[in-house]
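Shown here is one chain on its own, the form predicted alone, set out as structure tokens.
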Amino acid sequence: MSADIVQRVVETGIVAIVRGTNPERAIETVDALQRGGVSVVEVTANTNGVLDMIRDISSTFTADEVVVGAGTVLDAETARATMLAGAEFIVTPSVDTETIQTANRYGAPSVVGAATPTEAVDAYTAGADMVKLFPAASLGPGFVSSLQGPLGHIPTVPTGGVSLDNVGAFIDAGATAVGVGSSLVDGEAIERGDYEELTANARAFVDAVATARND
């Protein structure tokens, strides 16, 4: 199961980050993203009602439709709680060995935050399935490209500041996938109920990743 979820992230190329969304709008938000072709969704652990949101998303969509995970996971306790609620993968902003071990113990892939080559190696050695390069906007596509030389065996997911303007550059640089927040999951569009905008955003990101991969 863990390998299947990792492959889903690789194939999709995009992890949509849902942060601070009204729980009552969670299903419509995820449905809009899924209709646009983004079927891997991360709900951050610092979102109010995160466990109920993950539970609702997990029970509403089949595994073929949507894979839901938990993000901004800082410790093993939070990782386990979100997994019990239905999270199928764990995303962290930093390297925490106990969190990685907990995810591995219960069969959930982990995408672990790193900002240096040493942190990337530490995360992967500890059992992370993928490394979240964060913050991507500060590190830039050049960092991703440079990492490919000595550490090309480590799958990377640049996150934090990824937009339509730079997503192609990150993919071109060798990123396995990208994590995308507000430029995809537009909070203002959600608040006014404009889910078609979210679907259009999702399609635009899917097209941008596909174009970069085919170049």
Ligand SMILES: O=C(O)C(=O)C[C@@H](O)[C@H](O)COP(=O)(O)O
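This structure is a prediction, so every number in the text was calculated from the model and none was measured. Each residue number is its position in the shown sequence, starting from 1.
Absent from the display: the form predicted in complex with this ligand. The rest refers to it.
For this chain, the superposed copy of this ligand, brought over from its placement in the predicted bound form, stays clear of the backbone and C-beta atoms by more than 2.4 Å at every atom, so the pocket is open. Taking a 4.5 Å heavy atom cutoff to this ligand in the predicted bound form, the contact residue among G160, G174, G37, G168 is G160. Interface residue among I57, V180, V50, A32, judged by heavy atoms within 4.5 Å of this ligand in the predicted bound form: V180. Stretch-level contact analysis of 186 to 194, 152 to 160, 59 to 67, 24 to 32 against this ligand in the predicted bound form, using heavy atoms and a 4.5 Å limit, identifies 152 to 160. Although the partner is absent here, F134 lies within 4.5 Å of this ligand in the predicted bound form, judged by heavy atoms. Contact between T102 and this ligand in the predicted bound form is not found at the 4.5 Å heavy atom cutoff. Although the partner is absent from this view, T82 stays clear of this ligand in the predicted bound form, with no non-hydrogen atom inside 4.5 angstroms. Although the partner is absent here, P93 sits close enough that one of its heavy atoms falls within 4.5 Å of this ligand in the predicted bound form.
Applying a 4.5 Å heavy atom cutoff to this ligand in the predicted bound form picks out G71, T72 from 69 to 87, in order along the sequence.
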